[in-house]
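The chain below stands alone and is given as structure tokens, in the form predicted on its own.
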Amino acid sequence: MGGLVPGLSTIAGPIDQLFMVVLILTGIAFFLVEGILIYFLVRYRYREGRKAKFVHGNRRVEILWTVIPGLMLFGLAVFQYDTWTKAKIDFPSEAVSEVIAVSANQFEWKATYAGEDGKLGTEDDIQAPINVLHFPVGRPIIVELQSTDVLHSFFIPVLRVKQDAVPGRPSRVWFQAIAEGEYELACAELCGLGHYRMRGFVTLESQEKFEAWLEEVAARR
């Protein structure tokens, strides 16, 4: 995509490719439609002595401009199905994944990690500092997402991950990072007056560094 925002997850490449295909098709449609509009504005502009005529329409043209966009949309639906399935439906096994609970509320992110028993929702769970999230690189991450108040959206641009957090309706999203670094977690929904400051700080790191960080956070309890 030209490198404005690097793609650092296994799904980033297919999503970027899909984005470019949609951008090109919609760009062609935009310039075609606007070009025709400009042509008609110039061709049938007001001229002294010319009388307006009522035109009922052209059924053949109407069928064409309905069928062609319909075929384009159907083609995009088929083209994107594999990417959508990989990103939203085919979740990896929890046995090989790091499962993390993330709770959103005005205006902060709270991440909870499993303790020594490897299970969430037990007494040894590890509560990370507010707005701080760490993920190991090279391992599938499953985020159990929920909102405690209003609609939020879990958005990490470099991972091409975006999932709404809906009050009363837990949701899941998964990804696998491929490179280390520090990046931003943003809320991509207007969630109130403090929306602009609902930022989290994401660290992508090796499994060894991730485990060391977890031990450090657990020791503070």
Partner chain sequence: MTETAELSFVRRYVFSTDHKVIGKQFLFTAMGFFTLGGILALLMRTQLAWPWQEIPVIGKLLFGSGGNILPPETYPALVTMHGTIMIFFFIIPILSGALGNFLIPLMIGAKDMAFPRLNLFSYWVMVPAFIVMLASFFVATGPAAAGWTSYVPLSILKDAIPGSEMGQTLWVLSMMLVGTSSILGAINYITTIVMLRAPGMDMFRLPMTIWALFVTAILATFATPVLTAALILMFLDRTIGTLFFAAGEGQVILWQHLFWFYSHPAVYIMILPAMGVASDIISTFSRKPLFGYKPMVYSIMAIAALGFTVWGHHMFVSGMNPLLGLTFMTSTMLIALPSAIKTFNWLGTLWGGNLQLRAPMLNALAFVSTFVIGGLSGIFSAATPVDIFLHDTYWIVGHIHYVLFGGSLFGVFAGVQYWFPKMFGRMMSDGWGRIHFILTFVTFNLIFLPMFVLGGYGMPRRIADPYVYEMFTNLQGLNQFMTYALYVLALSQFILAGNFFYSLFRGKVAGKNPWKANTLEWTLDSPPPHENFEHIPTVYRGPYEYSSPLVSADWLAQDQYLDGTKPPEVMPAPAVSPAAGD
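Residue numbers count along the first chain shown, from 1. Just so you know, these numbers come straight off a predicted model, no measurement behind them. Rigid core (definition): largest C-alpha set, two forms, superposition within 1.5 Å.
There is another form of this protein, the form predicted in complex with its partner chain, and it is not shown here; the text below is about that form.
Residue contact with its partner chain in the predicted complex: Val102 places no heavy atom within 4.5 Å of it. The closest non-hydrogen atom of Gly192 lies within 4.5 Å of its partner chain in the predicted complex.
Although the partner is absent here, Gly181 is not a contact residue: none of its heavy atoms lies within 4.5 angstroms of its partner chain in the predicted complex. None of the heavy atoms of Arg139 is located within 4.5 Å of its partner chain in the predicted complex.
Candidate site formed by Ala114, Ile126 and Phe135: none of these residues places a non-hydrogen atom within 4.5 angstroms of its partner chain in the predicted complex. Contact annotation for 29-61: residues with any non-hydrogen atom within 4.5 angstroms of its partner chain in the predicted complex are Ala29, Phe30, Val33, Glu34, Ile36, Leu37, Phe40, Leu41, Tyr44, Arg45, Tyr46, Arg47, Arg50, Lys51, Ala52, Lys53, Phe54, Val55, His56, Gly57, Asn58, Val61, listed in sequence order. Superposition of the core reveals a Cα shift of less than 2 Å for Leu190 between the shown form and the other one. Superposition of the core reveals a Cα shift of less than 2 Å for Gly168 between the shown form and the other one. The two forms, fitted on the rigid core, differ between the shown form and the other one by less than 2 Å at the CA of Gly181.
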